[in-house]
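To begin, one chain is listed below as structure tokens, in the form predicted on its own.
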């Protein structure tokens, strides 16, 4: 049951093959078994069981609230949840319990979803590895998969066996790991520069970033207001579309959301892609891109071509400036957003009471890690009166040029862009931490952050396993507010490549049957 899609489980609940409480208990026991992955910061067991019980009563009366009623979900720990601690994986917010729910959380609960817990992340979502939170790094479930272990024959059996685990990518690594290990059917992440798509690619799940303004940000603790969007992580594209249908639409509490009403939609099954035009941005062929990802990217393009789609090379000329531009804008907004954590209203407060200034300084020194403090410093530098024009304003202008690059490509008749999501598959933690967070983020966000600056929808879809037996994802980018068209193309592609399920038998012997349902490849891109 746990290995099924959201839609299938929803049908099983409606037919009474399983009850919401049984489903919730299965997920809870799996959360306990996979605790060492560190995917969850808080497991809301009592609340989840209570919600499942309520859901069960509704099913018994035949009053189910819809497809999400009784479905276990997880939420990244930078979304406010009423009565449940929300930490952003930082000392600054340890012990902070919000008095309200984020709009997206409320919408899921209103649909009867069961909240399993809050997932781990990089502190304040700043990072691309989920390694920098105060609760420790998240381990990639694929480190323990049969596929990876067979390929690597576990070179280092013995004393340092556990030091070879891989990162999940970030910053929504906990949510990606939670979905990949079947402890929930969908999870919320946030995406500012790739934080939902990057871990989705590394954990072999679907990571969707909606168009900016389609989904409310109210209650998402802000990083960069002009780029943040709530992201959706699921095991298949259809499930992401179901969740999006529940979340999209205007929210009076977020003035950046669309005014037009958004109708829930079902994704059509595309049978013919011959009318599609797929763009391949030539600037994304960077020297750092691993040859394996590059070859899967070409094979995916060939797959579209062989099915009759028009595949053309396109140019996004300002790509080379985007990472620098993103860095200036991101740190500037971070500096502004982090000013609210001053030790006065909520969150951590130090014991120093010499003066208000001393209290501010010590609180922030104790509350934030080096990464967050470093970004605040950079941002404040760019916002200095003498630097404002040269950095912040100039970056805003470059951002407009980057957004226009996408507009021009889509106006030339391209329907979707196909790009890599990440430079390579997931790397071992020991290797990842050799570089500092800023360098890593600059490398890892290379294919993802421009989309945030342009406010476009994008989805990372797992395509195949690398030679090491690890997932590789490719990214589809759509026109603004054409999220449905983008997901329809992604769904067609997903059906063609039939990505295999993680096999984690050793981990969970008593529910190993779940993990043995390995799908047979129809058009495996590895061939």
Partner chain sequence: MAAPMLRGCCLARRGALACVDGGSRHGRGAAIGCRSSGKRGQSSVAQQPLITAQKSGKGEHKWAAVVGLEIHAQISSNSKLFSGSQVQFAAPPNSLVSFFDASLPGTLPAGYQITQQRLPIAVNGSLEYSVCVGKKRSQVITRTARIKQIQLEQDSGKSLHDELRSQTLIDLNRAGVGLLEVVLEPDMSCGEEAATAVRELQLILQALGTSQANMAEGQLRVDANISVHHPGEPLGVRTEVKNLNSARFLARAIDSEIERQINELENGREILNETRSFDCKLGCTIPMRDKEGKQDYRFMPEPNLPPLLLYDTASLPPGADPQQVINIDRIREQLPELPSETREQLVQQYGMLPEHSFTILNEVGLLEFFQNVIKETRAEPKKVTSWILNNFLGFLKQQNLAVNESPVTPSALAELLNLLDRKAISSSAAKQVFEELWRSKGKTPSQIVSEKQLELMQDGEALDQVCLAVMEEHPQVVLAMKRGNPRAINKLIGLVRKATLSRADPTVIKEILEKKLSS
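Worth saying up front: this structure is predicted, and the values here are computed from it rather than measured. Positions refer to the first chain, counted from 1.
This protein has a second form, the form predicted in complex with the partner chain, left out of what is shown; the following refers to that one.
Original post:
Out of the stretches listed (97 to 105, 282 to 290, 133 to 141, 305 to 313), which one is close to the partner chain in the predicted complex, meaning heavy atoms within 4.5 Å?
Top reply: It is the stretch 97 to 105.
The partner chain contact in the predicted complex: residue 341, any heavy atom under 4.5 Å: Flag for residue 341 set to yes.
(message) Check residue 346 for me: does it contact the partner chain in the predicted complex (non-hydrogen atoms, 4.5 angstroms)?
(response) Answer yes; at least one heavy atom of residue 346 falls within 4.5 Å of the partner chain in the predicted complex.
**OP:** State yes or no: in the predicted complex, is some non-hydrogen atom of residue 167 no more than 4.5 angstroms from a non-hydrogen atom of the partner chain?
**Re:** So residue 167 does not count as contacting the partner chain.
* Asked: Is there a heavy atom of residue 192 lying 4.5 Å or less from a heavy atom of the partner chain in the predicted complex?
  -> Outside the cut-off, so no.
Heavy atom within 4.5 Å of the partner chain in the predicted complex: which of 319, 424, 380, 369? The residue in contact is 380.
### Position in contact with the partner chain when the complex is considered in the predicted complex, options 225, 266, 412, 294, heavy atoms within 4.5 Å
The residue from 225, 266, 412, 294 that makes the contact is 225.
Exercise for the section: Using heavy atoms only and a 4.5 Å cut-off, decide whether all three of 220, 354 and 388 touch the partner chain in the predicted complex. Expected result: All of them do, each having a heavy atom within 4.5 Å of the partner.
Check your understanding: Listed by sequence position, which residues of 247 to 274 have a non-hydrogen atom within 4.5 angstroms of the partner chain in the predicted complex?
Key -> Result: 253, 254, 255, 256.
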